[in-house]
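This document starts with one chain, in the form predicted alone, laid out as structure tokens.
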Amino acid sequence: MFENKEKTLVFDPRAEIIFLILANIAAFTQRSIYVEVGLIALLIIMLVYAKCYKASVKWIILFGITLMLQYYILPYGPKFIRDTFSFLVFYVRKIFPCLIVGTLIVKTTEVRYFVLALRKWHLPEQIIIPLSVTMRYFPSIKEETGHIRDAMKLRKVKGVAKLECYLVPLMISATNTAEELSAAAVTRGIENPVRKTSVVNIHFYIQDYICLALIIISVIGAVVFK
């Protein structure tokens, strides 16, 4: 683990990638509701530990809603609705662990730490470069979307015109953002084949090992209690 600028402890990016892989394995092998609830509780505690309070509440509510739908509402509905939506709700709930770990990564890990983690694993630059550009791309587009929305409010754009006023600048902005991010990466020497150095460092600490151990126990539980 390392400390970011806000003195919030976050997980080592390599540990988070392993969390994601293990959460996927546990989510799609388990059949026990107790194992599922235990895994979700563990991941939400990790979110709380990383001070992602709003995200924690959001996932608790969403998980609670899906449980209520599957066990208390859909079983008493018409057969067609019960069969169709029970299946849908079941598989939506299956991907919750992966989404929670994804939230943890996005909320707590800066791209430079993520790139450093991949370089410590000696992954080829052909994978790291597009991945790092992609991880910077979506936050930039999200920010640009907010600006477009604010501009439409100021100009009081309403009705069908909102669609055009939204999509056209967004497409132009997406193209420009991709070019700018690529140019910024090249300027930083991302294509330079020499070994990269970093002013920051990452390590596994006791908290990473504890969480890894707990998630591995969840995976074992998922396999045993099928």
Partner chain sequence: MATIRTSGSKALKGKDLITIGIFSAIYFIINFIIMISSGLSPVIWILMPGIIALLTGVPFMIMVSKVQKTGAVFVMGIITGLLYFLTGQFTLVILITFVVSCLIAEIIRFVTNYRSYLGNMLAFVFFSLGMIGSPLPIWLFRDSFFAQIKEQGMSADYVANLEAVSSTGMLIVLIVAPIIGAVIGGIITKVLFNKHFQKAGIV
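Residue numbers count along the first chain shown, from 1. Since we're looking at a predicted model, the values are computed, not measured. Definition used throughout: the rigid core is the maximal C-alpha set that superposes within 1.5 Å between two forms.
Below: the form predicted in complex with the partner chain, not depicted.
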Exercise for the section: Would you please decide whether K94 lies within 4.5 angstroms of the partner chain in the model of the complex, comparing each non-hydrogen atom pair? Expected result: yes
Practice task
Evaluate K54 for contact with the partner chain in the model of the complex, applying a 4.5 angstroms cut-off between non-hydrogen atoms, and reply yes or no.
Solution key: no
Handout entry: Proximity of N24 to the partner chain in the model of the complex, heavy atoms at 4.5 Å
Key = yes
Practice task
Indicate whether the partner chain has at least one heavy atom within 4.5 Å of a heavy atom of R82 in the model of the complex.
Solution key: yes
Handout entry: Candidate stretches 54 to 62, 40 to 48, 194 to 202, 163 to 171, one within 4.5 Å of the partner chain in the model of the complex by heavy atom
Key = 163 to 171
Fill in the blank from the handout: Assert contact residue (the partner chain, in the model of the complex, non-hydrogen atom within 4.5 Å, options V106, A151, I73, L131) equals L131
Exercise for the section: Could you list which residues of 27 to 56 come within 4.5 Å of the partner chain in the model of the complex, counting heavy atoms only? Expected result: F28, R31
Practice task
Indicate whether S182 shows a C-alpha shift of 2 Å or more between the shown form and the other one, with the rigid core used for the fit.
Solution key: yes
Handout entry: Yes/no, I61 Cα shift of 2 Å or more between the shown form and the other one with rigid core fixed
Key = no
Practice task
Superpose on the rigid core, then tell me if the C-alpha of S173 is displaced by 2 angstroms or more between the shown form and the other one.
Solution key: yes
Exercise for the section: Might you say whether the CA atoms of R149 and Y53 end up closer or farther apart in the model of the complex than in this form? Their distance differs by 3 Å or more. Expected result: farther
